[in-house]
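Quick heads-up: it's one chain on its own, the form predicted on its own, in structure tokens.
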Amino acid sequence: MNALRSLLPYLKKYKARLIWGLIAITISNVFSVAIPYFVGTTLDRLNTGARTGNPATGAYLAKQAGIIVLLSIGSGIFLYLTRQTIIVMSRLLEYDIRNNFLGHVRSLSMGWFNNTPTGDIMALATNDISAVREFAGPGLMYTANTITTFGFVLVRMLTLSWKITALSLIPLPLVSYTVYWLGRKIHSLFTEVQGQYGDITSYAQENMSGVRVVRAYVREAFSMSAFARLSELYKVKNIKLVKTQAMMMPAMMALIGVSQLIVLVVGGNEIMAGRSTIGDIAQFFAYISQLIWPVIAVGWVTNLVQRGAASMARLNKVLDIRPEVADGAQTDNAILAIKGRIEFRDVTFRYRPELPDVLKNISFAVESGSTLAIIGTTGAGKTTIVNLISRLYDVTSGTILIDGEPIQHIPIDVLRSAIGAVSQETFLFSDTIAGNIRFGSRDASDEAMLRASKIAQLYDNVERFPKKFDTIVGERGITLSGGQKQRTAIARAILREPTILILDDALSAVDTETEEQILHGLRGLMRQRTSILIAHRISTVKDADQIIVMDHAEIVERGTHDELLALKGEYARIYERQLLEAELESL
């Protein structure tokens, strides 16, 4: 239950709505509880009149009926106002929590995303936040309804007969214990259900994203079988939860039935003894009936509270995580721009403490406006270098300097807004081609967007599409070829006019002729900014001002193209092998 305390700041924000809602439900219940009184007095008047020969008049009955109707209407109006305040408040609270949750998730470090399935995040952002809203809305509303109804009814019942009241409420301690026992089981089962839901959404999301691979390897049956197993487990856990929840209402109804039986037996004896009237007992039955929903609501609200607490605890586990990479005390907010000089000093990095080093004592410097190329074997640490420059991660040891300042001194927004990066895994959004190119530069003109697409050698392809740059590319750019996706991403980076341009194996999906055209268009752009090229093809990197060759997390060679060929080392072997491959392909 402690998890629900974190809702207090949200509830305080909408305190006025909540207070007005509580006032409205109180007034509604005052009207509702008054109705049995007029029913009882009317019955007594009819009974007395029949025995004394002084029957109730039609005017009297009409008056009593009018009062009852007005009380019913008043109760309904204020119940409506209750929903308009408390339920609306819960929707506003849900809106705030979802936005805060997403904003917090976006601030978390890449390491968290690497270790957290997307399906789990989606389950938190949908099911769990919805469960919290149900507690804050219906949960609070019916709690207030139960307390006020029970309080008013108890006062009226005690006024009529303390003896009948005391005896009719004997089953209530058993009600409390039943609610407590079932509530604990529901809390535990709901936590299991939510965890299983996260597993299902993770698997579904992964298979939908990788549908091409699934079909290419004819693994549809296997995927369906695995999904069916997860769904079966989800079904079993849900049925177990539903069975437990289903026990709540029958148990409440049975206990209320016991109370009504007590009223019938004890109340009948009181009437025969002349200590109570038929009207009094009719009121008792009406009040016991009015207690049915509050008592049942105790079980339902307990269910909502348990579910809300379980979901809020899951959300808090994420909300309590502090980003590993963030602006802090070292940040110099006076830095508003960077020039682009990059220096690594003895940088070592590993993704987690228990994993091996991905970079070992890496040192190099890139002057502002110059081009650094990185080449090497797969897994040598090339991409990690550019991830550290963008400060997606912080180094394990050593120092990275930008313009002579430790990278931690530069505000993250300033740093990343100065970088245009094209990663080896191109990601496009379900938007138009123009929208994807403008993703990082929403205010860019059409002329600038078209110029960027021409430099990336994308313009001629897009002009052949029926809707040209207004073509929707589909989820993750699925309707474009690999080369078209890469060129779209390159245009996106170019349009940003970054101080530091990073191309991480960004030309791997284009042929050598297109690659040369793209590099030719980029040369003028790259002379004005610091550029980092990561590639496997020598043709991509040969014109760089400095080339470093990496192997097993270390720099094994560095120099210009001609200097590295003269060394006759790893770079020269890669070059000779690629020349041979080109000759064989031309045969």
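Fair warning: this is a prediction, and the values are worked out from it, not measured in the lab. Heads up: residue numbers just count along the shown sequence, starting at 1.
Only in words, not in the display: the form predicted in complex with a small molecule, which the text now covers.
Next item on the list: Check each of 424, 118, 432, 75 and return the one that places a heavy atom within 4.5 angstroms of the small molecule in the predicted bound form.
Entry: Looking at 424, 118, 432, 75 one by one, just 424 meets the 4.5 Å heavy-atom criterion.
Item checked: Single option in 380, 305, 428, 97 placed near the small molecule in the predicted bound form, where near means a heavy atom within 4.5 Å -> When the small molecule is considered in the predicted bound form, the option within 4.5 Å is 380.
Margin query: So, a 4.5 angstroms cut-off on heavy atom distances: do all three of 355, 384 and 393 pass it with respect to the small molecule in the predicted bound form?
Written below: Answer is yes for this spot.
Next item on the list: Please run the contact check for residue 126 against the small molecule in the predicted bound form: heavy atoms, 4.5 angstroms, yes or no?
Entry: So residue 126 does not count as contacting the small molecule.
Notebook entry, point to check: Contact between residue 114 and the small molecule in the predicted bound form at 4.5 Å, heavy atoms?
Noted result: Output for residue 114 is yes: heavy atoms within 4.5 Å of the small molecule.
Check: Hey, in the predicted bound form, is residue 536 touching the small molecule, heavy atoms inside 4.5 Å?
Finding: Taking the distances in the predicted bound form, the answer for residue 536 is yes, it comes within 4.5 Å of the small molecule.
Item checked: Distance check, residue 351 to the small molecule in the predicted bound form, heavy atom within 4.5 Å -> Yes, contact at 4.5 Å.
Note to self: Which is the contacting stretch out of 145 to 153, 85 to 93, 355 to 363, 255 to 263, given heavy atoms within 4.5 Å of the small molecule in the predicted bound form?
What the structure shows: Result for this chain: 355 to 363.
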